[in-house]
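A single chain comes next, written as structure tokens; it is the form predicted on its own.
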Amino acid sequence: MNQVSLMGTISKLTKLVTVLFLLLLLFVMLFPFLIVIINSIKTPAEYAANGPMALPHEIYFGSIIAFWQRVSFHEKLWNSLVISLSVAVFAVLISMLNAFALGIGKVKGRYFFLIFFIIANTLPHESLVYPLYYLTKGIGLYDTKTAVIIIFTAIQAAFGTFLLTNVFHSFPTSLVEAALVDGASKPKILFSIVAPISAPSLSVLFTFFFIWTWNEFFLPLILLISNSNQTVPIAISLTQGQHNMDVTTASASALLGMLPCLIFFIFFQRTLSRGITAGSIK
């Protein structure tokens, strides 16, 4: 076997091992989802008799329907959608405005502001509970979706500002200078030149902000006490008690809770991949 044939064989073996490894990784990643789906369509009696790993003998939607009706899931779904979508839109917009000033406008004390945003983003939510509780009580926004939207917009925008500032800092200054020479205003430069060119980075932030906010549990649990204002993660927690837990209902709640987020991710995964690839090339 000559050297060319040997190199070709090694290349094929490398590709085969890589594909097998990726398939194994895919199975490991999807296995928890498979267990949730299997147990959400079993009857409680079948789960008790055969355990969590056995396949169901028949498809049973009773647990899913029972959970949906028990927590008024359509209401929780709408609350999570409104909060997550609002936070994603407002946080991206504020991050873009801040980053334009810090990254392209070269505001004095830029590094001080960036350090401030990093510190704000690393604060644990537990340390924010008391201040946010009394603040929302004081201004009459406690137990409202508006309060949660404002709080998470500020939290997500801190991270977004830090990330976008680094992106905008390397933005071609010749484009901005040419626009200024042509008489373009700063808002026009931001929304007509900088934002379209930075669309991949903005879309990545939008996707992450939506998913992160959707999965938030602790602060919404403290700030949204009314049943009509609660979100999907809080509704899922209602299936678990201190001394007992209905596994099939819990699986049904987990399935219903992750499906919207999964659909959103699949819908935006091409945009997400394009944004990450653009960032790596840059």
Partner chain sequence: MPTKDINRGYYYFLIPGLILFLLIIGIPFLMNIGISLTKWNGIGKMEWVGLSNYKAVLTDKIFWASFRNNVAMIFSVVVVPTLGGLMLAVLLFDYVSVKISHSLTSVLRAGYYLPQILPVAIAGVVWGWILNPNYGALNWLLDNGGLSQFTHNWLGEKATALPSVMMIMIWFQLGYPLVIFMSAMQRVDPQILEAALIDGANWFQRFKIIMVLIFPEISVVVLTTTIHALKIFAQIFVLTRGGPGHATLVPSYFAYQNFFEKAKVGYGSAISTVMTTLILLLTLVFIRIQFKQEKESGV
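Quantities reported herein were computed from a predicted structural model and do not represent experimental measurements. Numbering follows the first chain given and starts at 1. Superpose the two forms; the largest set of C-alphas matching within 1.5 Å is the rigid core.
The next section is about a form of this same protein that is not shown, the form predicted together with the partner chain.
- Of the listed positions (Leu97, Leu81, Ile197, Val89), a single one reaches within 4.5 angstroms of the partner chain by any non-hydrogen atom in the predicted bound form, namely Leu97.
- Only one of the listed residues (Ser192, Ser72, Thr144, Asn166) places a non-hydrogen atom within 4.5 angstroms of the partner chain in the predicted bound form, and that residue is Asn166.
- With respect to the partner chain in the predicted bound form, the three residues Leu77, Leu85 and Pro172 uniformly fall beyond 4.5 angstroms at the level of their nearest heavy atom.
- For the chain shown alone, Asn50 is a contact residue for the partner chain in the predicted bound form, at least one non-hydrogen atom being within 4.5 angstroms.
- Contact annotation: Pro131 falls within 4.5 Å of the partner chain in the predicted bound form, judged by heavy atom distances.
- Contact check for Leu205: every heavy atom lies farther than 4.5 Å from the partner chain in the predicted bound form.
- Residue contact with the partner chain in the predicted bound form: Lys15 places a heavy atom within 4.5 Å of it.
- Although the partner chain is not shown here, in the predicted bound form the stretch 135-152 places heavy atoms of Leu135, Ile150, Ile151 within 4.5 Å of it, in sequence order.
- A movement of the C-alpha atom of Pro220 falling short of 2 angstroms is seen between the shown form and the other one when the two forms are aligned on their rigid core.
- Core-superposed comparison between the shown form and the other one: the Cα of Ile35 travels 2 Å or more.
- Relative to the superposed core, Tyr47 undergoes a Cα shift of 2 Å or more between the shown form and the other one.
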